[in-house]
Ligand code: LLP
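Given next, in structure tokens, is a single chain: the form predicted on its own.
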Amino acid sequence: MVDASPPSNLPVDWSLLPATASMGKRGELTIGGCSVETLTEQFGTPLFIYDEAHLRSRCREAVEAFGPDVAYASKAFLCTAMAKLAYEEGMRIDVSTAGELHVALAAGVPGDRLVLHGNNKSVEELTMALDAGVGRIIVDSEDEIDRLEALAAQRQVTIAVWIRITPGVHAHTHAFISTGQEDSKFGFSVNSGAAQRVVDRLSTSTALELVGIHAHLGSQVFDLENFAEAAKVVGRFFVPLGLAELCLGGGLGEAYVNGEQTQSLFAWAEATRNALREVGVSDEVSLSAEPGRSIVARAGLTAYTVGTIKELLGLHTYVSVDGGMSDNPRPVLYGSGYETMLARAPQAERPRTIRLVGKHCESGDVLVTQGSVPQDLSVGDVLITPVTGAYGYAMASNYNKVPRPAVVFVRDGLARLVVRREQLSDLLTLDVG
């Protein structure tokens, strides 16, 4: 969402914080029974903090809403601890590269609980998936069909696949995260006839068995009617095929700033099922989805340390922290909005307007264009941006050779480090010159 609304003096809406967020004895913010300030003293900043109870609860809700074949979209946030957690709570894992596949397997997730996506899967990635016994491969191009048929012939096996179709529905979201429209690098168009041609081709293939259809509308979609419309288009295509498996991807929007409203996983599932029933899709069909953001976004927050406060009279107050676009590129990429709050005073009024910026050598390194903080903000304060559990660490980089942050999971008063902070020495591990 675009950060276009004026800043608010009100405290950050508590609904934007992880499920176990609370106030400590000194009025400070705690997550999972752990003081955020204490966590930053122990692990440093910037620091990604995830509420493990929140993560597990959301995974269970997804399974209850969509059934046991629902898959966690790991691109939102992946490390071995997250993959293991999602698997333990009954979810499959959606991976789209050899790297994501490698991490999921390293976490102990069985191959048959993985689904493989990707619009340009290499022979090496497909081979790796077949060796691991990946449960479903989602075909995204005719070139990929050629590769899979060659691999199947070498192995003398039949490979079960889904095909990804584009329903031609334009979601109300940012262009960079909209994927269901006609002009997309993903999938086969229903409207152009490309999807049907692929179905016809696979019907005569002795190497590949078409067992299901996949579609994905986009990301950060709030309007359930968008999902319903896409479901009807996909459903009409699906019914005549007589297949048993249908996946309608992910994309459910999450609130990032005060005033935004999020739909529940259950409402999303109900709207999808009702739309499918309208076009004749049987309840006996195995319906699945791939939530990612809606599992992890609100479960995580980022804690920074304020290093510089620069007042420009009549312009802005620039507040610089020890992270920035390298740990959260979403504001730069999508114009995404976030709230700002202090760990020591999470329910304080926020009358002071700031521009929150990072430490990178870029004028565009802006985390929050118009943020609100208490009047007494000072250098050394721990400043928090909530709802950073999705596409923060996952999209982190080493721009300006800034080491990536640590990640901790908190639960029942205990914190465990799941991803260590990068050290300066790590920046040289790939150099061979």
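One-based numbering along the sequence shown. Keep in mind the model is a prediction, meaning the values are calculated, not measured.
Unshown form predicted in complex with this ligand; subsequent notes refer to it.
Student: Would you kindly say which of Thr166, Ser219, Thr340, Ser326 lies with a heavy atom within 4.5 Å of this ligand in the predicted complex?
Tutor: Filtering the options by heavy-atom distance leaves Ser219.
Student: Heavy atom within 4.5 Å of this ligand in the predicted complex: which of Arg350, Arg136, His214, Arg298?
Tutor: Exactly one listed residue reaches within 4.5 Å, namely His214.
Student: In the predicted complex, do Tyr50, Arg344 and Tyr393 all put a heavy atom within 4.5 Å of this ligand?
Tutor: Not one of the three qualifies.
Student: Although this ligand is absent from this view, report whether Met82 comes within 4.5 Å of it in the predicted complex, heavy atoms only.
Tutor: No - in the predicted complex, heavy atoms of Met82 and this ligand never come within 4.5 Å of each other.
Student: Classify Gly358 as contacting or not contacting this ligand in the predicted complex by the rule of any non-hydrogen atom within 4.5 angstroms, answering yes or no.
Tutor: Residue-level check for Gly358: no, no contact with this ligand.
Student: Does Leu252 make contact with this ligand in the predicted complex, using a 4.5 Å heavy atom cut-off?
Tutor: Leu252: yes, in contact with this ligand in the predicted complex.
Student: Does this ligand come within 4.5 Å of any heavy atom of Lys75 in the predicted complex?
Tutor: Answer yes; at least one heavy atom of Lys75 falls within 4.5 Å of this ligand in the predicted complex.
Student: Partner absent here, but in the predicted complex, which of 285-293, 204-212, 228-236, 121-129 has residues with a heavy atom within 4.5 Å of this ligand?
Tutor: Going through the listed ranges, the match is 285-293.
Student: What residues in 329-352 sit within 4.5 Å of this ligand in the predicted complex, counting heavy atoms only?
Tutor: Contacting residues: Arg330, Tyr334.
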